[in-house]
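In the form predicted on its own, a lone chain appears below as structure tokens.
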Amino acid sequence: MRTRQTIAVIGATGSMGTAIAKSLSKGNYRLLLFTSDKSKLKDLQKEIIATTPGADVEPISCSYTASWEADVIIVAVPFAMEKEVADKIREVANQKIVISIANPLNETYDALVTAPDTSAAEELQKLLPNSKVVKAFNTTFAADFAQPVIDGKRVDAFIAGNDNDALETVSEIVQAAGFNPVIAGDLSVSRILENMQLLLIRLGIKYNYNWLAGWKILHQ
């Protein structure tokens, strides 16, 4: 049996960070939650404990400390903030799994701000060269975490990374959050995954999916 893991969620009170923290609090994890707004952190901790009394959840006042204690670090911040986070945790993220959830969207949600030959995850890997960056959770909306089964089908959550052991660990985390993990390929596949979510956002706006939508591969 795998040793119980500690997961740091950086940006824990954003919509995605909150959704991830609530979902993973039901699993066999110790969660360290960080955001700059300490009052929101306490409120989130209380909300999680109220719905999951046995949850091991701790607000942390410093991203460096949270990352130092963690086995896995989830960077749940917008793409524009990834460099700031990376600069703070680089020293303590060596050889650790760092999950990039960001989609590098422009302000009008109709294009990505990254060049075609890179992705938010690959840019984070450049900032954290000694970490094992894995793309995950970027193809899921925050609302999906409370309802990962849509129209009778469990939503697929795609994963990309260069380290096989890290991919397996993140697959377990994705499954614990309620999704069906699909390992899509190496970290360069993040370019496709980020474009997939751009498309889903645009379709959601066009057809009014109310942010409750997800990808599903049908096969036999």
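Numbers for residues come from their place in the sequence shown, where the first is 1. None of these values were measured; they are calculated from a predicted model.
Although not depicted, the form predicted in complex with a small molecule is the subject of the following passage.
When the small molecule is considered in the model of the complex, residue 140 lines it closely, a heavy atom lying within 4.5 Å. Using a 4.5 angstroms threshold between heavy atoms, residue 102 counts as touching the small molecule in the model of the complex.
Contact annotation for residue 10: at least one heavy atom lies within 4.5 Å of the small molecule in the model of the complex.
For residue 76, a non-hydrogen atom is located within 4.5 Å of the small molecule in the model of the complex, even though that partner is not displayed.
Between 77-85, 146-154, 90-98, 121-129, the stretch whose residues reach within 4.5 angstroms of the small molecule in the model of the complex through a non-hydrogen atom is 77-85.
The partner is absent here, but in the model of the complex a heavy atom of 37, alone among 172, 69, 37, 186, sits within 4.5 Å of the small molecule.
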